[in-house]
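Next comes just one chain, in structure tokens: the form predicted alone.
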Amino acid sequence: MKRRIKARRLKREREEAERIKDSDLFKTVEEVFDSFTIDNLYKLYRKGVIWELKGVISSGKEARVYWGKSRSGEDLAVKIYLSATAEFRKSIKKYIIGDPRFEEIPSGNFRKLIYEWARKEYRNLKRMWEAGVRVPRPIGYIANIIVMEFLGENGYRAPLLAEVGDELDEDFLKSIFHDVIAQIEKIVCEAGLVHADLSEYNIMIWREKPWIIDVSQAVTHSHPYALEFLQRDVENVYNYFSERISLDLEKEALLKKLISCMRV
């Protein structure tokens, strides 16, 4: 199993090699970010949170994740939200309805919206980590930037379950399934949250364990769509694993247990 994951990782490393290049913090930033982002990175730099920003490890329409280094040489994942586009505002609308942190934001204040969204993600991450959920350790945030533990080696991120799941043997995949269920229970019953976007694309396999990532959209139990999001999370997980292994845990029984934990 280890050999298979390593082979997959090496293939991805070769594909990404051209995108990951050493450079100092500000040379990298000046090519892609506005003055507000540069100023916020300087603040983290002066505080000693970020010492180097080396290259992109993940890129999306709303955010990019960089491989960074702390002053002590610790690997960091630095997530930077770019801008609140019309598409982004539309995609997050359902997650912010009913959240008091967003009620006072004027409809045209896009920068404030993105800052609050990043703040929400950091708080969700911290809340899960403190509850014992296996998520990247939160390190700090400012405005549109979140700094967290880096999952991977030498600047290459750990693989997603979606990328390596088909290469794993049945026994190991079954252990991953039960571990993912344990993480969901901790999110709901200990952290008091619902991930709200859980799937094989938001689960990393690192050190032979599943890690939950991308928690910006996670909501509290009081959110008007919390139950709908929970059901979707569980459905996504069961759909993925049931296509590959036989499951020995009833979906309905799990949902009943999770719903009983919801603090509404």
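What you are looking at is a predicted structure, and each value in this text was computed from that prediction instead of being measured. Sequential numbering from 1, following the sequence displayed.
Form predicted together with a small molecule: not shown, discussed below.
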Does the small molecule come within 4.5 Å of a heavy atom in each of 44, 50 and 143 in the predicted bound form? no
According to a 4.5 angstroms non-hydrogen atom cut-off, is residue 65 in contact with the small molecule in the predicted bound form? yes
Should residue 204 be counted as a contact of the small molecule in the predicted bound form, where contact means heavy atoms within 4.5 Å? yes
With the cut-off set at 4.5 Å between non-hydrogen atoms, does residue 233 touch the small molecule in the predicted bound form? no
Under a 4.5 Å heavy atom criterion, is residue 136 part of the interface with the small molecule in the predicted bound form? yes
Out of the stretches listed (89-97, 174-182, 73-81, 126-134), which one is close to the small molecule in the predicted bound form, meaning heavy atoms within 4.5 Å? 73-81
The small molecule isn't shown here, but in the predicted bound form which of 148, 114, 191, 164 has a heavy atom within 4.5 Å of it? 148
